[in-house]
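Below you will find one chain, with nothing else, as structure tokens; this is the form predicted on its own, and questions on how it binds or moves follow later.
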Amino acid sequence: MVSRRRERLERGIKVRTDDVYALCSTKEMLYLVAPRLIPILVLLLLPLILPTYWQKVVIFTGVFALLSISWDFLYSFTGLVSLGQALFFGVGAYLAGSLNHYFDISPGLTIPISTIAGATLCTLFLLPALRLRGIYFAMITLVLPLIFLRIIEATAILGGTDGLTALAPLPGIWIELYLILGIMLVALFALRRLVNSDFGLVLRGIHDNDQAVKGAGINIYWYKAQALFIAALLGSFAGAYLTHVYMFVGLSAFALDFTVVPIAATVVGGMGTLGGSVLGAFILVPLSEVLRAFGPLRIVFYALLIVVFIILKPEGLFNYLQRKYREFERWVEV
């Protein structure tokens, strides 16, 4: 009896387009451009045909996609396990709400100010914890948003349990939609370029063996602080943006959902890819809305689907699709 095994090979066009010969033909250009261009076009054109309710879902999905990119970047390229995406989101949200509520500053200024100021504050809060690794750093990032939540609740500052209401909205639904989608795409492609630069090479080294990088005379804490600032930048923007979409900010800005869902989206999409974080968010968040009709059972079905995703495709959907696009399989005799 002849035994066979499955062999996996890279496609010839993939090998050719890895070099400068990518410009040889239209076919090879399309091979490179199509996986990037088609999802972008679908993403930008889809809101035009969706009803208002699902347009709001797209906005919410974009927010979680930004938080997922933030988490994936921080963990996959520096090794920092963050459970503090809710911290980034909440600080950005409360800064934007406070600037608008108390100083009557327009959203055109509150969002960029809160993004930069929020990222700076979050970096300063976590700066002493950068010497910690693994579960110790994760616990600090988990506790901080809970501390801020209880302070606001106990002291009744910043609106207390009622929050800050009647905040200025963004000009319209189309500005809301394409602002979050545009920032999400810019962040995705900018970070993908960044992680392939010399800066990204150092971050990868810190993730793999931080002591070896430290022994080479590189200040790993400075690089970690920069990576933390970039991750917080995305989270703070998401919080400031959603504050003006809902025209409200309250204790829910520090909700654990803003930490758990980005992690789940990254695991489902594929860690270390950044694009997988976006893919995971655009699967899980709309799926959650579809399952809303099941009432309390929604969480059960949602959790089971996530478990199925992880068991069947532990590498993540993005890695699986990328591999299928770049490689083919065949059976050969052993």
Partner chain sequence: MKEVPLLQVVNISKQFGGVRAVDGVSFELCQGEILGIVGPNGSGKTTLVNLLTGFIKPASGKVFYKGRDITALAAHEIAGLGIARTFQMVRPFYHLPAFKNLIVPLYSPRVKRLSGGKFGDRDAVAIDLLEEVGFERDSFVPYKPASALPHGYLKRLELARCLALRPALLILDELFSGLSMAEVASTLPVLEKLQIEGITLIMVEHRLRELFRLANRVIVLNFGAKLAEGTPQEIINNEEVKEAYLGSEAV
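Positions refer to the first chain, counted from 1. Please read these numbers as outputs of a predicted model, since none were measured by experiment.
This protein has a second form, the form predicted together with its partner chain, left out of what is shown; the following refers to that one.
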In the predicted complex, the residue from Ile183, Val213, Leu170, Ile230 that sits within 4.5 Å of its partner chain by heavy atoms = Val213
Answer with one of Ile116, Ile218, Ala225, Leu149: the residue that has a non-hydrogen atom within 4.5 Å of its partner chain in the predicted complex.
-> Ile218
Its partner chain in the predicted complex: contacting segment from 85-93, 198-206, 134-142, 150-158, heavy atom within 4.5 Å | 198-206
